[in-house]
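Just the one chain here, the form predicted alone, laid out as structure tokens.
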């Protein structure tokens, strides 16, 4: 596409509220933040939910339904719930959004790996006790996505008629995607999101992005589209610039990065999206509308979801 698709990761399932006051917590806050991100230029909003009282990541399908319905009522952005969830959630809890909501699109994690957030707690901050326990608990946390798990989730995507965004955190995950394609468990063209910068997986550097993209091209030929999410600042925008130059798409948002510049924390997801839009203008690329992305991805349309 000449135009580029901006995904805004609104709240996340591994970040904790004590990291930033800008992270939306309640369903109303998440809906408002998602609508604001769309108004700023986001084509897709990637969604987790949280317990309104505490801010803890949650898999509560009632909270998901409240959020996705609220967003759909207010704008035509592509609503993309997670199947990755947060620490401690079972596969059944994480993936319940597929049969319950039948979204146009959802994320699909393509391999297991260590997922370390404990350095955030070590740096100190105004954290609640549960937040410190949650962050420290990732010293012994493996984000599980076995072949059996992935095969099961593939079937759930097909049953829901939803397109997976295949999140690859390391180069081996691309070979996992190739395996699933070889078993006819995924449909082409696939859409791959390179998620770089998580402690325990691949680094958010230009060199590693190029390695991931080169490997994906060797494995999938022209049967894929791609985007990249850089975790942290300035990685988010360094990778975004490379995506724009190389014909890819872009992900930003408070799930991945809390800063709009080295000197300033972001006040909202919209602020991060606005910077991505401005970056696109420098490369003569403009954001795609949700309907343009629906056509490009072959999505079923917002009228066909179960919310």
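In this text, all values refer to a predicted model and were calculated from it rather than measured experimentally. Numbering follows the first chain given and starts at 1.
There is another form of the same protein, the form predicted together with a small molecule; it is not shown, and what comes next is about it.
Stretch-level contact analysis of 237-245, 278-286, 251-259, 37-45 against the small molecule in the predicted complex, using heavy atoms and a 4.5 Å limit, identifies 251-259.
Contact check for residue 198: a non-hydrogen atom falls within 4.5 Å of the small molecule in the predicted complex. In the predicted complex, at least one heavy atom of residue 169 sits within 4.5 Å of a heavy atom of the small molecule. Interface membership of residue 115, defined by any non-hydrogen atom within 4.5 Å of the small molecule in the predicted complex, is confirmed.
Within 4.5 Å of some heavy atom of the small molecule in the predicted complex lies at least one heavy atom of residue 84. When you look in the predicted complex, the only residue of 176, 202, 227, 107 with a non-hydrogen atom within 4.5 Å of the small molecule is 107.
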